[in-house]
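Only one chain is shown below, in structure tokens, and it's the form predicted on its own.
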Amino acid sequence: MLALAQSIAINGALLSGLYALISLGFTMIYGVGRVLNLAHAAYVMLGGYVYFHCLQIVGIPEPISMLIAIAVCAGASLATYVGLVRRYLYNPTIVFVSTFILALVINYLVVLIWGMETKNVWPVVSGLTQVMGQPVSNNMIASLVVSWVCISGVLLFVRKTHMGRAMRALAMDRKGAIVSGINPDRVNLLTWTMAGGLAGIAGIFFGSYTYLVPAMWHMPMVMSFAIVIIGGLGSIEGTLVAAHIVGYMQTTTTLAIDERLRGVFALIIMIIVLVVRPKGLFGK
């Protein structure tokens, strides 16, 4: 029983950090633009595949492969905003549907380029470390560290910089922010680029944590959606708390109940939150 509790504590922390990183860009875009970008999870998949291709097919050194994957995802996210979302920013339904269709298009392109076969990504950091008597992959520890570095960086950015304060102002009162001189288009350009870059980082570690397959974006999309609903749409702090609720719930289900039910309880919590508190735990 003690070993199980230790395993849940360790793996829950690792998975929660990864989910927080995946969901962060999703909630940033909603907070600033009030639209749901369902293609965000497809960027996570794209980041994993680009990193795999650069590192294991072309033979580009690991740090440069990571930078290329992050840049491709940031560019894809920026292109989505400029080419698709910007003109329909005040019509969330069109953005919701069109970004979902875009995710399917990216899925088909991945199948066309890399095929349907499962691909294993080399761990970013190899080896194991003993934590509370449990062997833990160094790759997951690195994933947790990188996730929190990124999360801390985003929190510092939105609280300490002029552009970050502009993001918060738009999230709290869009009309008031525009009247005070904030350019919403400029803020959206930066937000979508940052969100894409975060998706690229998440894709590298999520791909090496699991494996690459064209349908791998489904679970991140569902979990991100559940996390931002539970935490409160647009709330970064709520996203962090909800990511840990979902991460620990999924880890407990996988290790103590049945792996086939790992995503079910997060969805049940999302439904309960929607019924009891539609704005989410930290929503305003």
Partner chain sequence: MVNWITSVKSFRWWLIAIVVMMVLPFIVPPSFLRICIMANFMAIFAISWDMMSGYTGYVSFGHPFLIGLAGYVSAMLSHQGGFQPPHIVLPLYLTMPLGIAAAVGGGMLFFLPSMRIRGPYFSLISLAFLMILSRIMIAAGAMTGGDRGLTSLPYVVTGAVNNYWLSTGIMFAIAIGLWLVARSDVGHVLKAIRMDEDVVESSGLSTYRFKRFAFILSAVTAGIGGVFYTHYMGSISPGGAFDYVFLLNIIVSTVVGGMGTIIGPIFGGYFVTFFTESTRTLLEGAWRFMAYSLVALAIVYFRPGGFYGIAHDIAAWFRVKRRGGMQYDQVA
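Computed from a predicted model, the values in this text were never measured in an experiment. Positions refer to the first chain, counted from 1.
Omitted here: the form predicted in complex with the partner chain. The next part is about that form.
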- Query: Pick from 28, 245, 55, 229: which has a non-hydrogen atom within 4.5 Å of the partner chain in the predicted complex?
  - Reply: 229
- Please pick, from 149, 105, 172, 128, the one residue with any non-hydrogen atom lying within 4.5 angstroms of the partner chain in the predicted complex. 105
- Query: Each of 96, 101 and 222 near the partner chain in the predicted complex, meaning some heavy atom within 4.5 Å?
  - Reply: yes
- Item | Proximity of residue 70 to the partner chain in the predicted complex, heavy atoms at 4.5 Å | no
- Message: Considering non-hydrogen atoms and a 4.5 Å limit, does the partner chain approach residue 155 in the predicted complex?
- Response: no
- Message: When the contact criterion is heavy atoms within 4.5 Å, does residue 186 count as touching the partner chain in the predicted complex?
- Response: no
- Task: Examine residue 209 and determine whether its closest non-hydrogen atom to the partner chain in the predicted complex is within 4.5 angstroms.
- Result: no
- Query: Counting only heavy atoms and a 4.5 Å cutoff, which of 46-54, 62-70, 237-245, 254-262 contacts the partner chain in the predicted complex?
  - Reply: 254-262
- Query: Counting only heavy atoms, which residues in 17-42 are within 4.5 Å of the partner chain in the predicted complex?
  - Reply: 30, 36, 38
